[in-house]
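The data below hold one chain only, encoded as structure tokens and taken in the form predicted on its own.
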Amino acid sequence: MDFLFTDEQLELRATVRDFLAGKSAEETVRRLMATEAGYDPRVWRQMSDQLGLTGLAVPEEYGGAGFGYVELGIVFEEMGRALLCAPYLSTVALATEALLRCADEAARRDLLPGLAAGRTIGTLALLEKPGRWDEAGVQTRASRTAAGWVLDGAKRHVQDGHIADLIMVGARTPAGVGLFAVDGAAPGLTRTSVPTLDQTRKQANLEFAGTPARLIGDDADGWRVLRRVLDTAAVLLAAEQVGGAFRAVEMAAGYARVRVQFGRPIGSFQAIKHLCADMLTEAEAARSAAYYGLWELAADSDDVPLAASLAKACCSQAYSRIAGDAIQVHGGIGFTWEHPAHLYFKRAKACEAMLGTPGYHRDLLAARLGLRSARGMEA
């Protein structure tokens, strides 16, 4: 295993970091998180048209750039560092990945070019009221009619569900769980934005009432696709968490160097030294776990499920602890609305629950290792 990046990958990181420095500064993040849409369409077009980020890991035959998961992980890491407000996770890690993993070539040719070009904002609707990320949690019903398939049910906490043009939906068919594509303007679809702890990332609850849907692949093959999508998204989210964690470490260490108490920088006190050292150590461990997951994805290894649960559990716990410790290092100012520390803490806590909590993934990891039977866990 080689965690060294190529010159091309390092250039990609530098380009994305420079772009986000101008497009996702703190004042921009605060402005966008207060809007209903939650992102800037002009920046989204620049990300897709100028940098090609929306189609970075999409094969060239579908309009993408044909890069791999390591490059995609670099982008997610930089976006986590900058707290980017954009439907990138939902479009790239969820909707696009679902189409790439399906066995429906016609659907890929019809839908992937729009996602790769950034013309289509996509998402995945899976979580329901029981709050389970496993197959048993899929209760939305898909029925075949003379005119085609229709969906009935509800999905909760759908990332960017209020603005998505294309919604990939897991629904139960008579044969099992199927994967369906729903147009964002389809009749019978009701979208309701919901308040979120992390205001930099919007969510919505979706209601389906006889909503027309397109079956993607086989009507019993959906869970195979969705399970791989969740694993891939967990690794990419872990990379994003690593970016945020290291930024929190940087903020804490920088403040400790300049904040003076009793005539000396607080970073010279042993308690602060040890706290910052522990934060850095945990961030480095989290990065190793995330990079391992990216390497397994790039190699299309059989160990992807293990690496995904390991990365998500490790990085979720690390990011939350580091973001909380960063507030402690900052003292009173770290608790104020004006300081950005709370934005990272809220992103960390929201990411911790997204796609399954650390506890869920530890149980899932144990089940995948054959140490215990799998069981459903709440989100």
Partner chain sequence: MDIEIRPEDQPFADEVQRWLDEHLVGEFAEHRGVGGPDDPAAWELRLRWEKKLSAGRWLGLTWPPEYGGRGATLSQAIIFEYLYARAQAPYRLGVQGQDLFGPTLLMFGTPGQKARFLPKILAAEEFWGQGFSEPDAGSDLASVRTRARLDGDDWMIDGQKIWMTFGTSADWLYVLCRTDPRAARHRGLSLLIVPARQPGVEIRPVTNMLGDGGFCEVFFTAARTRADLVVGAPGDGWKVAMAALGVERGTLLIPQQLGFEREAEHVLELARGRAGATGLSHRLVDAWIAVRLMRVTTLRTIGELVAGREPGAQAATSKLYASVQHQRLLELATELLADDMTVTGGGYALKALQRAFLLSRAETIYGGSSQIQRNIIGERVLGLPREPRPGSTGG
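Residue numbers count along the first chain shown, from 1. Computed from a predicted structure; not experimentally measured.
In what follows, reference is made to the form predicted in complex with its partner chain, a form of this protein that is not presented.
Remark: none of the three candidate residues (23, 42 and 163) comes within 4.5 Å of its partner chain in the predicted bound form, counting heavy atoms only. 194 is the sole member of 103, 209, 136, 194 with a non-hydrogen atom lying within 4.5 angstroms of its partner chain in the predicted bound form. Although the partner is absent here, residue 362 is a contact residue: one of its heavy atoms lies within 4.5 angstroms of its partner chain in the predicted bound form. Among residues of the shown chain, residue 223 is not one whose heavy atoms approach its partner chain to within 4.5 Å in the predicted bound form. Not displayed here, its partner chain is kept clear of residue 298 by more than 4.5 Å at the level of heavy atoms in the predicted bound form. Using a 4.5 angstroms threshold between heavy atoms, residue 156 counts as touching its partner chain in the predicted bound form. Across the options 172-180, 290-298, 139-147, 83-91, residues that bring heavy atoms within 4.5 Å of its partner chain in the predicted bound form belong to 290-298. Taking its partner chain as it sits in the predicted bound form, the stretch 93-118 never comes within 4.5 angstroms of it through any non-hydrogen atom. Whereas the shown form places them at one spacing, the Cα atoms of residue 321 and residue 131 lie at least 3 Å closer in the predicted bound form. The distance between the CA atoms of residue 360 and residue 131 is at least 3 Å shorter in the predicted bound form than in the form shown here.
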